[in-house]
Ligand SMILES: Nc1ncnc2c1ncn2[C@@H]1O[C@H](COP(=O)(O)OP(=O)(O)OP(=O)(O)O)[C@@H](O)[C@H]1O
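One chain comes next, on its own, written out as structure tokens in the form predicted on its own.
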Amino acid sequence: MNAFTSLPSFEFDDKILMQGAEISRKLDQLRLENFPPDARKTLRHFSVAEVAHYLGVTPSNLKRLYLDGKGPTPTTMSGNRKYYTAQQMMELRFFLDRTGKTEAKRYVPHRKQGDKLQVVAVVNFKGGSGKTTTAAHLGQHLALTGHRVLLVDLDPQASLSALHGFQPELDRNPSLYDALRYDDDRKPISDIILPTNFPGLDIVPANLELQEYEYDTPLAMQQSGSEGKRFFTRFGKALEEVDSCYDVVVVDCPPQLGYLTLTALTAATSVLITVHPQMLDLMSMSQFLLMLGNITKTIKTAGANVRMDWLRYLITRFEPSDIPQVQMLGFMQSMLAEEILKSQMVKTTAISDAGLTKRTLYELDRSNFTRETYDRAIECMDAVNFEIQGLIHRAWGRL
């Protein structure tokens, strides 16, 4: 006699649809709890020290401004501490640019005439490399430092969109697919751009419909005279409509080398590759680079212009006390030399803790963490983002 009872079979599609719907419902409930009353994200106030940091002035200069009644009036909170909203930070930036700008110092770092739109593609073939976290924090940092930024979520899983308060299966927002599709329902990209809770930062959110582009493109390529044969130009052409509205576009590419990624890379002016310093991740990245290089050569013969201002590798989830990781970093530096960012993003619980409430480090106040944990995380994050900001400015010919 068999002592074991066989497991009952079940209808797979019904089960996963039911579980997906339940998870979605619970996530929406969390969103309502975290962002009452309408599930829309707001943004905290920033201390005088933080505002001074992102404006590039001293806290004493800011204190002098509000004591003289110049610029926006900060909010006084407990302990007589002064805080500004992100909108007030932007107003301060324009005020300083009018009154204190010099030839060597600009407070509003917008593109000048002749500066091309910078399109930064954040890529990795392997999931879990910190790609979306990097894209989110880079976009928010650039907005806080005065740039006009557009985030584009190209990953059908929509993690970047979720970090900015969107839940695609419930919000029913359009995605970049609507600006790339091959039929008469295609829309201008301006129709699908949405504001975020950061002034100066907009987003094109993602949804599962993006995956349709991977299926539509090969079909369109087979049709004679179809635009599908030059699919790689579609994103760049879509961006032309809003070129004058932004300084930087940050694209969170999907973790696979498909038509979406190739379309983004052809529109890009620079590439940021995130990599975790472990042997398996390096092996995966090697395969990704070889595949990408070969495919790029192929689409270049079809007329693609794939020229970049810069390419950098960002080491993510780095643990300086982990000897094998330090050795792997040294190994990578011996091969890639100048193309590895000097700053690494260390592994920290602050980022994962922030993610529990769909927030980033820039959205949470220092009081939400132990002081050492927050200071270490924000210092690393700022170091990475200021280094990338420097590369963007160099591409514009600025020192």
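Here the structure is a predicted model, which is why all the values come from computation and not from measurement. Counting begins at 1, following the sequence as shown.
Not on display, but discussed next: the form predicted together with the ligand.
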Could you spot which one of 258, 128, 199, 72 gets a heavy atom to within 4.5 Å of the ligand in the predicted bound form? 128
So which of 281, 155, 216, 178 gets a non-hydrogen atom within 4.5 Å of the ligand in the predicted bound form? 155
Can residue 348 be called a contact residue for the ligand in the predicted bound form at 4.5 Å between heavy atoms? yes
Residue 317 versus the ligand, in the predicted bound form: is there a non-hydrogen atom within 4.5 Å? yes
Does the 4.5 Å heavy atom contact test between residue 161 and the ligand in the predicted bound form come out positive? no
So, in the predicted bound form, is residue 118 in contact with the ligand at a 4.5 angstroms heavy atom limit? no
Mind telling me which stretch in 43 to 51, 23 to 31, 338 to 346, 364 to 372 gets its heavy atoms within 4.5 Å of the ligand in the predicted bound form? 338 to 346
